[in-house]
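Read on for two forms of one protein chain; each stands alone as structure tokens, with the labels structure 1 and structure 2.
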Structure 1
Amino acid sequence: MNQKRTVFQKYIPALVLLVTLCLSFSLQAQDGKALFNNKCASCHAIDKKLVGPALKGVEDRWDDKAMLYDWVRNSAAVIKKGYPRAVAVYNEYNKVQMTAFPELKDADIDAILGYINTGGAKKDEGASTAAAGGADKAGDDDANLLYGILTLILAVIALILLQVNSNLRKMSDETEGTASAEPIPFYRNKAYIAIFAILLFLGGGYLTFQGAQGLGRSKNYQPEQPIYYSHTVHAGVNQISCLYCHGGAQESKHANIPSVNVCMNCHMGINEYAKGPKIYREDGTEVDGTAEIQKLYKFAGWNPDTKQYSGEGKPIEWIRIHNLPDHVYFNHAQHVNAGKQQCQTCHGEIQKMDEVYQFSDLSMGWCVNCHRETKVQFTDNKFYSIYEKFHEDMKNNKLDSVTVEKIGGTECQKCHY
């Protein structure tokens, strides 16, 4: 007995240590998944090339891990140093520099690498955020349908039982010789009429509420634009930064629609679409990219033969997709510059969209939930330097993070005039 106890006492600490390590690794992998999806997934996958190389085995390809950390934070600086691996990647991918992430610590990068090494993202690769949101919504719809069917079945059973009770009572009265009143027709039975009226009121109220709640929302709205502009080609394949065309998103309230001149900065020299991937409309018909560029020239008043403007250009009448009510205040610079949010947070995987559609419903609940869950990036962000107490609490390990809600992000006056 003592021998068994000794063995038990010997191995229990090892077992506890193993469980602790597994849990800590699981938490690290969970953080790694969030960081991977937020920072890496728009350009990289684990097992296949996207805009950038596949990340499986990335640590083995870099003989200096410290240099890998520096590459993630600032690829341009590593290339400038002439590090062979960095220069090789830079040249292989047409000398397109990787987006810098100076805010990532060594522990953050280790968490991402740990997630990559586990291959945990395999089942999620190729599935967009929109598809994931659609799956969640489909699950909710299935649950609501099931509840509706069960409610209907229970209502039918209740009506049957009431009818059975009425018939049994009539048979009992006949057996005892008691005179019973004639049964009241269904359409004149006050109890049935009251139940029907209540159900009609509740059902109609629910549908009215849902309809009123959706007024002004345009989720999945996808109009046909004057020119077929593919974000997949521009932001995805050619890696044109969103801020090149929508520069106002970083410095002002509005993201702004680029003028024709911004388009012509590139298309003075690019007058045909020949080498890019084929583009298809929603109905499956192929888009003639060269013809769409000719439409741009017509709007710009540009003659590609003489390389001169005719002076007969006019603005492109783009159809607005994303819109908010007049009483809602939304500042792009507050989110992009101060909040360090990616465009994909609100607009979905825009780099994979040909014809752009509204990804989020942009409802008040959607915004509030985001503010409750999103952690403020305090590190190297002068905008949040005024929150001295939070900085002190994080320094003393009293807080591990601060959400937008904690700095007033759910107060009414933050978003409403």
Structure 2
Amino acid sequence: MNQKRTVFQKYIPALVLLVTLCLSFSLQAQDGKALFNNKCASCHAIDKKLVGPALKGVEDRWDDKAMLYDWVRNSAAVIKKGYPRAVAVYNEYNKVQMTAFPELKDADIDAILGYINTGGAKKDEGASTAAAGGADKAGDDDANLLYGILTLILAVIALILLQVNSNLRKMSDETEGTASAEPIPFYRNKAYIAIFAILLFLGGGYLTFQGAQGLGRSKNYQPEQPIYYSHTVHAGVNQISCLYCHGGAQESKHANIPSVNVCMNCHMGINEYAKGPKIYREDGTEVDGTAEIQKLYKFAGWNPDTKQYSGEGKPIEWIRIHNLPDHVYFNHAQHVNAGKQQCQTCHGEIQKMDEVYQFSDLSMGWCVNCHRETKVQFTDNKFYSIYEKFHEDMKNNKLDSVTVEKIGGTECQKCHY
């Protein structure tokens, strides 16, 4: 018998099924995320209040699913019908009318709810993601892990089915009396070996990738700090210059975190948080800014009633977020002062972050790519006066720009000790 043909006949459909299943699953989840980000994220986050409520667990709050669908398509109609949750949430949010989305079908809303239940499990709040310029957050990793596990389960099921199938075939061949080819033992069956190898490759690759990322690289890292200090309130709303607190970035290697004294310059006077917008933690609970300022006083050893220092202050142990490995040399002044790079290019829109997270992955590829692409502001920059030849060439129109790479920015020893 033509062994090759049967092998193909047997495995191709199963594989096709497997692949489509995986794809359709991930597509659906993707759609939910895209829909959420396009239509809902401007007003909703999963874990915290924005304009509207945090949507986590919303299905538990709406026992009537049809009402929930109708709400998304036209909330006013549901309020008119007097559905209790609708009326309650409408009043709670000062009768702000939610946008109507008549174009969304039940399946679309299911996809959004699905994304809310899975993709947004941890800290994937669409709005702040969009605000931070599309930095993808941890939710993606969770989703990837989920797909990985699902793929594995499906693959195992497919293998079992294939085994059953081939046994049945053998049995039927035997009953029919067909002289079947010598049965191939499991471990010598080429198709099994191929599938096994692919699985091993994918699994191994995934784990290695995760491991490599874990080695000091931690994009999106966002630890909880000893004081809930908001960059939105300080650098955003109150427009305090980054350099007021991180002056080091202008003239030295380190940007530095300000000491308690710097905070107290202002907070000897400002002892309550009253004027700024409401601020929320990741889990949606509101931050009591005044209580946080009290924490600052504890660290400073400041008595707000007597307006005196007790002398029992201690430094605030801020948890460090950005951290390059020891073998890499990075200098802020070189980038901020000589290179004229904006803080935001590397750190994202810090002035819109309540809690800072690591925006860039700080990988070698990230540094090198920027050095290849970025043209230095060559003329009228005292740092580049030593490059006489380049200046000559530019004058003679032989050269129209100088990238960081040209001045040595991709040489190993420039970045490595």
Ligand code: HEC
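Under this definition, the rigid core comprises the largest set of C-alpha atoms superposing within 1.5 Å between the forms. From a predicted model like this one, the values you see are computed outputs, not experimental measurements. Numbering for residues begins at 1 and runs along the sequence of structure 1.
*Asks:* Between 1 and 2, where do we have the form predicted in complex with the ligand?
*Replies:* That would be structure 2.
*Asks:* Is there a C-alpha shift of 2 Å or more at V287 between structures 1 and 2 once the rigid core is superposed?
*Replies:* Superposed on the core, V287 moves its C-alpha less than 2 Å between structures 1 and 2.
*Asks:* Taking the rigid core as reference, does Y297 move its C-alpha 2 Å or further between structures 1 and 2?
*Replies:* False for Y297: its C-alpha shift is below 2 Å.
*Asks:* Once you overlay the rigid core, does the Cα of A66 travel 2 Å or further between structures 1 and 2?
*Replies:* The answer is yes, as the C-alpha of A66 shifts between structures 1 and 2 by 2 Å or more after core alignment.
*Asks:* How much does the C-alpha of I195 move between structures 1 and 2, in Å, given a rigid core overlay?
*Replies:* Its C-alpha moves by 7.2 Å once the cores are overlaid.
*Asks:* By how many angstrom is the Cα of Y93 displaced between structures 1 and 2 when the rigid core is overlaid?
*Replies:* Residue shift at the C-alpha: 29.4 Å.
*Asks:* If the core is used for the superposition, what shift in Å does the C-alpha of D393 show between structures 1 and 2?
*Replies:* Rounded to one decimal, the shift is 2.7 Å.
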